[in-house]
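One chain follows as structure tokens, the form predicted on its own.
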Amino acid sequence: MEEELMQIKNSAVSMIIEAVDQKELEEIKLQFLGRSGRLTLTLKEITKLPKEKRPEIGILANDVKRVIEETLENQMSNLKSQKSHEIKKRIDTTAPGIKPNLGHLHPMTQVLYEVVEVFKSLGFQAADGPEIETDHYNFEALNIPKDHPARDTQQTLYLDTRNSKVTPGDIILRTQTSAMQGRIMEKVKPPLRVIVPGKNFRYEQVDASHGFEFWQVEGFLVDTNVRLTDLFGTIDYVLRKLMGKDVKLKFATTNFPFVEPGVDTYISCTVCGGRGCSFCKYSGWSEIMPAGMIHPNVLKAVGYNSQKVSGFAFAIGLSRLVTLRYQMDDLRLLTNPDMRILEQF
């Protein structure tokens, strides 16, 4: 049996050294060390030897097995090293790799964060509210009763409440983030300074400067001795921080049921440089920030004493602000998924 074990060792070592890949080594391992391998079957025959011969043959068999396993391991290591060297020859590891695409914030989000930071520097706190709103907070708490003509200009989207306990027409998609005025003022006593960024929805004809879904940043301040000049100063400061100190602004009187007096803020159209284009309806100016002094009825509706406190409110058209900020000629570009557009920001 000694001679047979030596033949197995020599044969296995010779085949292992000549192996050229990992698959061939695995086959050699099975051929000699597998369940039906030559060495495995030979080891089973040791029990048939005389007792005095078994220890000597057992030592030799273990030595043969050890030599085969070590040779397999060394050859496996050599083949891996050789393969790695060949790969390095074919591939220039010093060449730069493929640069992965990195995402970034949407332009709407970028400008929104800037708006929030500007108002935080003025002591305002940011709040959030539901996009599905009640008629009460969206209209009635803002001095817009059910028969008020201003409702016709809102182009409201109503939710289907059939087969529910909700009064028809009571649940809507909010048309303005001003709906958060009542919700917040009911819970917080003055003084307060709040901004409310968020999406609004109106059934409107979509064009270069209008959309049925748009972003606003509602803001309001309530305190003692708040005047219209405080509102003008705030608007002027904020828009110059966001659009540059040389931006041209103008104010015009307007009418909103929840403010008295009401003002409209216009910014010189950055798309055409004030010359007139489809975005500004060829006027050279774009409405950017309707505002005004909070109507006493709104203050009374939330339990404030309108004789002791006053306040102002405004609503930045964020979608329009972003469009003007980047001199786009169509706010629909903000919802366009074309990467050629988004990668510019």
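Residue numbers here begin at 1 and follow the sequence given. If you're wondering where the values come from, they're calculated on a predicted model, not measured in any experiment.
There is another form of this protein, the form predicted in complex with 3,4-dihydroxyphenylalanine, and it is not shown here; the text below is about that form.
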- Query: For the chain seen here without its partner, which of 33 to 41, 59 to 67, 299 to 307, 283 to 291 has a heavy atom within 4.5 Å of 3,4-dihydroxyphenylalanine in the model of the complex?
  - Reply: 283 to 291
- Message: Would you classify T156 as touching 3,4-dihydroxyphenylalanine in the model of the complex, given a 4.5 Å non-hydrogen atom cut-off?
- Response: no
- Mark E218 yes when one of its heavy atoms lies within 4.5 Å of a heavy atom of 3,4-dihydroxyphenylalanine in the model of the complex, and no otherwise. yes
- Message: Considering non-hydrogen atoms and a 4.5 Å limit, does 3,4-dihydroxyphenylalanine approach V259 in the model of the complex?
- Response: yes
- Message: Is F314 near 3,4-dihydroxyphenylalanine? Define near as a heavy atom within 4.5 Å, in the model of the complex.
- Response: yes
- Note on the structure: Heavy atom within 4.5 Å of 3,4-dihydroxyphenylalanine in the model of the complex, from candidates R202, H210, K241, R193, belongs to R202
- Taking 3,4-dihydroxyphenylalanine in the model of the complex as the reference, which of Q75, N143, T265, Q176 has a non-hydrogen atom within 4.5 Å? Q176
- Does any residue in 227 to 243 get within 4.5 Å of 3,4-dihydroxyphenylalanine in the model of the complex, counting heavy atoms only, and if so which ones? none
